[in-house]
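Coming up is one lone chain in structure tokens, specifically the form predicted on its own.
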Amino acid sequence: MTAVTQETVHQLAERQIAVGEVRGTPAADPVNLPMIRHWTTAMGDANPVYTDEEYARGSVHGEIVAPPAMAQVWTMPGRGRDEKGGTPVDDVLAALDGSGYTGVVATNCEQTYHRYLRLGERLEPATRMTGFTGPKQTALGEGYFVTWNVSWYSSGEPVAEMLFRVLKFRPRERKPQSGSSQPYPLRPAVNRDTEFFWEGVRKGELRIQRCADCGELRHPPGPLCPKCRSVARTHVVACGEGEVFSFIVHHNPPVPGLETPFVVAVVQLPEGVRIVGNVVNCLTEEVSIGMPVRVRFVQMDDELTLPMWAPGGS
């Protein structure tokens, strides 16, 4: 390590683990129906117990409840909100950043729900750091695994928990060959499930995985059909058009290889699936829900091409 020694960062991690649970800033808003509607729409969750008051009254809950997977949503700080204190993980991640371990990828996320949340409850998060291992040699480069747990409380009662683990790695330096471009620092994960997709990108095709038995289309690709549970699979080539279903404008933190701000969108394809990608060739303030877009295959370096989206369509 450069800015700090391995021994120093291990000592820092051990101290932060010993700190135990640290309460964070309470949620800015209580559990509320408008946010539930936004979330369920974005996730495609049509369960009426989350949004239909009449239906919810007749359910076992007797009233509207929030989707359990929204637990983290209620206490996410949002852009520009001043967080008090910090968590036991912050100093460790900052020390790794300062030592050149600037790459990060999430490796584990496990959530436990104790009960449903009801409208009007206001959550308070509490974080404790639970693990630090490394250095490890990984496919991405040398790195450290950092693990922490977040618990959410309502009026002092624990309602949900999450284990989260990331790999903080030192991006490998690749020396470009004479006449070649600088390698793009972010590489997609390619495996047996996704190889067909990236092969299509190299050929200028936007491929969607299809079940070879029932014909169900799915994205992201996976080993098993969610409809008939078949492992037989093939693909179709999408028309390459769609419309913006939802989007965010990313300002911080900095992302290697990209200039901020930039837009990341969920694009609805006419084939019936959604795909995530950057929106390019327009100003961030010009992007809007429902905007027609067309795929663009952008050459990032001599080896990597990424599908992105630009304004346009039929």
Partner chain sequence: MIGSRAALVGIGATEFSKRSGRSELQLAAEAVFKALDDAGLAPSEVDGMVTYTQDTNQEISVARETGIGELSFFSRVHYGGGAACATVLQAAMAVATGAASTVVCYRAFNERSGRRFGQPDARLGGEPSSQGMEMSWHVPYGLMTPAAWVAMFARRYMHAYGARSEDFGRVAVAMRRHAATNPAAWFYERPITLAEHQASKWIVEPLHLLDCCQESDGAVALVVTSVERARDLRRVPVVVAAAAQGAGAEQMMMTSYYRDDMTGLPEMSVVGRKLWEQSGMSPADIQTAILYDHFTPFVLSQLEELGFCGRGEARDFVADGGIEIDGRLPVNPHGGQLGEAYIHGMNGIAEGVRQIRGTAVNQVPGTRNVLVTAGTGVPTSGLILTG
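Positions refer to the first chain, counted from 1. Given the structure is predicted, the values throughout are model-derived calculations rather than measurements. In this text, rigid core is short for the largest set of C-alphas that superpose within 1.5 Å between two forms.
Only in words, not in the display: the form predicted in complex with its partner chain, which the text now covers.
Taking non-hydrogen atoms only, Pro185 approaches its partner chain to within 4.5 angstroms in the predicted bound form. Contact check for Ala139: no non-hydrogen atom falls within 4.5 Å of its partner chain in the predicted bound form. With a 4.5 Å cutoff on heavy atoms, His219 counts as touching its partner chain in the predicted bound form. Using a 4.5 angstroms limit between non-hydrogen atoms, Pro254 touches its partner chain in the predicted bound form.
From the list 122-130, 192-200, 91-99, 234-242, the contact stretch for its partner chain in the predicted bound form under a 4.5 Å heavy atom rule is 192-200. In sequence order, Leu258, Phe262, Val264, Ala265, Val266, Arg274, Ile275, Val276, Gly277, Asn278 are the residues of 257-281 having a heavy atom within 4.5 Å of its partner chain in the predicted bound form; the partner itself is omitted from this view. Taking 2 Å as the criterion, Ala265 counts as shifted between the shown form and the other one: its C-alpha moves by at least this amount when the rigid core is aligned. Core-superposed comparison between the shown form and the other one: the CA of Tyr50 stays below a 2 Å shift. Superposition of the core reveals a Cα shift of 2 Å or more for Pro226 between the shown form and the other one. Whereas the displayed form keeps them at a certain spacing, the CA atoms of Pro253 and Thr107 lie at least 3 angstroms closer in the predicted bound form. CA of Gly200 to CA of Val105: farther apart by 3 Å or more in the predicted bound form than in the shown form.
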